[in-house]
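Presented as structure tokens, the chain that follows is alone, the form predicted on its own.
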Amino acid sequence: MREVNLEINEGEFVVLAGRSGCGKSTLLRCFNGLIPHFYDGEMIGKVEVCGLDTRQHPPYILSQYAGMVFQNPDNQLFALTVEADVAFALENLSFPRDEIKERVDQALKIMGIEELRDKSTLELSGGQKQKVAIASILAMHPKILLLDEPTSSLDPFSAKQLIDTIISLNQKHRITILIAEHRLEMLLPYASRIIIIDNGRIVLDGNPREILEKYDVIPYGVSVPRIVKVVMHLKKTLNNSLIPWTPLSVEEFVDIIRRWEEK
């Protein structure tokens, strides 16, 4: 990453977009201290998470503020049962047993996977594994959830279920979300912000609707939602006043059509 100057506010839902290798994962790893503590290289500048300088605090401390969910859940699931996996970090930090049980119960309930408690992670589907990985992070009560392409290995149905859960974490539990993802169609209607990265630099940063209306993002490897492409084509052939704003989902487009009918 180069020349990055970025501030994320509490409660935001931020989507990181850009072609593979542009720097999305690198940026996420800066927020939880994996950079500079676990990766070689030179870090110039400062990253603060909830007032903590990531250079001066190890990842096990920062993980209580910013929890990371990796692209492949198998990289962070290793205990014999789901319950043991969710409790692992808390046990390593010597939390009281009663508090561990309470936090594990709460995390499993929030993720809707209470019935998986006693199962081995080897028995789980890809979507279930990602939910367990997120539950293990939620048990730490972080303020920020960092997700690195969590749906990349999931089928469309499982991806939709997982993204709906992530949206709920932001809306109902006010957890700040930073997610690197290529499946933008399911995310953008709920995102407060999209940050587009190219060659290690932030090239665009703002409200998703405004970014897609004003800029051509395709050169940066960003897949524009199909409904946005349809609307942009319609705007070229119809009076722009008929489509006053760019819908980010099919549901929003249907709402525009209904308003036409009411007129």
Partner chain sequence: MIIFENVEYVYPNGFKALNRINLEVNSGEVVALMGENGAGKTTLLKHLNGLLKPTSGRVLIDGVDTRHSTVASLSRKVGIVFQNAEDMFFSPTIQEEIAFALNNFHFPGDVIRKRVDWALKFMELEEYREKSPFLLSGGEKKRLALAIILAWSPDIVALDEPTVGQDILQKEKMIQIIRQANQQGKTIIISSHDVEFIAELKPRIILMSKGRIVRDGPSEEVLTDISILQECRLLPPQIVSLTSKLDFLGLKPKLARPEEVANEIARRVRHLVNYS
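Residue numbers count along the first chain shown, from 1. Given the structure is predicted, the values throughout are model-derived calculations rather than measurements.
There is also a form predicted together with its partner chain; it is not shown, and the following applies to it.
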Answer key: of Gly67, Gly33, Pro225, Pro208, within 4.5 Å of its partner chain in the predicted complex (heavy atoms) is Pro225
Could you check which residue among Met43, Cys50, Val230, Ile61 gets a heavy atom within 4.5 Å of its partner chain in the predicted complex?
Val230
Only one of 182 to 190, 106 to 114, 169 to 177, 85 to 93 has residues with a heavy atom within 4.5 Å of its partner chain in the predicted complex, and that stretch is 182 to 190
Hey, in the predicted complex, is Leu154 touching its partner chain, heavy atoms inside 4.5 Å?
yes
In the predicted complex, does Glu261 come within 4.5 Å of its partner chain, counting heavy atoms only?
yes
Answer yes if any heavy atom of Glu149 is within 4.5 Å of a heavy atom of its partner chain in the predicted complex; otherwise answer no.
yes
Interface membership of Ile257, its partner chain in the predicted complex, 4.5 Å heavy atom rule
yes
Residues in 203 to 219 with any heavy atom within 4.5 Å of its partner chain in the predicted complex
Ile218, Pro219
